[in-house]
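Below, in structure tokens: the form predicted alone, a single chain.
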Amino acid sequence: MKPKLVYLQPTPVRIWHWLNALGIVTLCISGAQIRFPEFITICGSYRSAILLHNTAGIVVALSFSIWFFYYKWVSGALTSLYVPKMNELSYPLLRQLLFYCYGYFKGASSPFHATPDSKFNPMQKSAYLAIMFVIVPFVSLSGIALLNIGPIRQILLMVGGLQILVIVHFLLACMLGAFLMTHVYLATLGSTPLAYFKPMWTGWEKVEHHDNTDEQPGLAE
């Protein structure tokens, strides 16, 4: 069926997306140097890496706040866009997984077709739910705590000391880095390798005009 242009990504979302992406990439690079200074020197001195990491962390924390404010109170679409329905966690999610792992490489069309009111397939919703509602908040909070451990010093002493907080922060950061790499890879699985990148610059995406309820039973709620 002939594709049509759909305006999927409003300007505030695109600005937030690239600001957040730049911040997370900076965090990953500077954090890697802080963790392995003997092997990585991309950010210059160790002190420079720490300063850059702390600055990027504050930017990402503020970016998350802007994202939450926009989707919760401006667009009012936080739950509908990012929280999967129970019936999306069975057949539709499995079908999307099979497409990513098998169907795409056989030339099949994606079983999900984005619309302005439903931009993410069940796998994306599940991943974003974990990332945006669990990992990003906790990695931000743990990073902010490391900037000033004074208020939580006694709590840290009771649970094993500062090293526990460092380990938690590092593990959460590794999960975020793994998601970033997976996110970039899956973004190349469009009709062309850049097909899914263009909407994040222009706001417009070419999508096939399908009725999702015909292909994914139970999504008409």
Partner chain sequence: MKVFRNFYKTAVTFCALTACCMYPHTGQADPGFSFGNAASGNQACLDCHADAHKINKKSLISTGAFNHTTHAEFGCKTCHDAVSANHPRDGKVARTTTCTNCHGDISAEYTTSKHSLEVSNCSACHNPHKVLKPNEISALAMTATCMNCHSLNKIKATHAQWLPQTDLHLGAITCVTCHTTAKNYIVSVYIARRNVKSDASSPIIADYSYLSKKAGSRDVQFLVDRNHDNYISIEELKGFNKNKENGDLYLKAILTPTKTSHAFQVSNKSWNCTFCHAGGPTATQVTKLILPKHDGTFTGLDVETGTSITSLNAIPNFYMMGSSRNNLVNKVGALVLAGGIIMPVGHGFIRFLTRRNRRKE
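Positions refer to the first chain, counted from 1. These numbers were taken from a predicted model, which means no experiment stands behind them.
This protein has a second form, the form predicted in complex with the partner chain, left out of what is shown; the following refers to that one.
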| property | result |
| --- | --- |
| One residue of I58, I66, I50, I29 in contact with the partner chain, assessed in the predicted complex (non-hydrogen atom, 4.5 angstroms) | I50 |
| The partner chain: the contacting residue among V134, L94, V74, I149 in the predicted complex [heavy atom, 4.5 Å] | I149 |
| In the predicted complex, I42 touching the partner chain (heavy atom, 4.5 Å) | no |
| 4.5 Å heavy atom contact, F120 to the partner chain in the predicted complex | no |
| In the predicted complex, L62 touching the partner chain (heavy atom, 4.5 Å) | no |
| Proximity of F170 to the partner chain in the predicted complex, heavy atoms at 4.5 Å | yes |
| Heavy atom distance at most 4.5 Å to the partner chain in the predicted complex, all of W16, L22 and L78 | no |
| Any residue of 26-41 that, in the predicted complex, places a heavy atom within 4.5 Å of the partner chain | I34, R35, F36, P37, E38, F39 |
